[in-house]
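First, one chain by itself: the form predicted on its own, in structure tokens.
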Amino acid sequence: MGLEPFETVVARYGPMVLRVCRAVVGPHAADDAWSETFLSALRAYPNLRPGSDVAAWLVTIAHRKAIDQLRGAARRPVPTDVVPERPSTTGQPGGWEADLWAALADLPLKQRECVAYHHLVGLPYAQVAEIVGGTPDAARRAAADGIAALRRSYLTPEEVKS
């Protein structure tokens, strides 16, 4: 059995990869990371072995592209102190996602990656550890610390109690 058409892979895993990119680099740079991920994946897809875990393969590529985005952003100068507000695409200014992305952005990178790869994609800790480096126990600890930090910083005290 051969590989399925690449456009099917994009349709199936595109939203998952976008969630990962948003969690790691934030909503503003996620589209670029997503595009770079699928461009790289398209080039490598013909050589992917049939039966490979496509989700883990794409998350690995997205991880590398997100790191490239973070490194590139750190090198680029910031032209202004005040960033103009972007119009909401949902009709609701701000929205709950903005707070969540801000809370995720405050996490250390390894915790952010482990939370994204395990809790958003559903990869087991062994695969998360292969992607970010380290052991499965360290990945589990980083994800747990990240979730605990999100509970403290993102949720209100009433939401934490429930």
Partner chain sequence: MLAGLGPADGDTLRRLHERLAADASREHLLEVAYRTVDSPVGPLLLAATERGLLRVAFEREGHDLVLDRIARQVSPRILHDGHRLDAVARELDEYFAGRRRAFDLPLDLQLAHGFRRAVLDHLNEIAYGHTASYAAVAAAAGSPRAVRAVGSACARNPLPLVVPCHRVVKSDGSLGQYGGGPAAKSLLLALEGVTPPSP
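Treat the numbers as computed from the prediction; the structure is a model and nothing was measured. Positions refer to the first chain, counted from 1.
As for the form predicted in complex with its partner chain, it is not shown, yet the points below apply to it.
**Q** Taking the shortest heavy atom distance, is residue 99 within 4.5 Å of its partner chain in the predicted complex?
**A** Residue 99: no contact with its partner chain in the predicted complex.
**Q** If you check in the predicted complex, is residue 119 within 4.5 Å of its partner chain, heavy atoms only?
**A** Answer yes; at least one heavy atom of residue 119 falls within 4.5 Å of its partner chain in the predicted complex.
**Q** Does residue 54 reach its partner chain in the predicted complex if we count a contact as any heavy atom within 4.5 Å?
**A** Taking the distances in the predicted complex, the answer for residue 54 is no, it never comes within 4.5 Å of its partner chain.
**Q** Going by a heavy atom distance of 4.5 Å, is residue 31 a contact of its partner chain in the predicted complex?
**A** Residue 31: yes, in contact with its partner chain in the predicted complex.
**Q** Pull the contact list for 4-25: residues with a heavy atom within 4.5 Å of its partner chain in the predicted complex, in sequence order.
**A** The stretch 4-25, when checked against its partner chain in the predicted complex, contributes 4, 5, 6, 7, 10, 14, 15, 18, 19, 22, 23 at the 4.5 Å heavy-atom cut-off.
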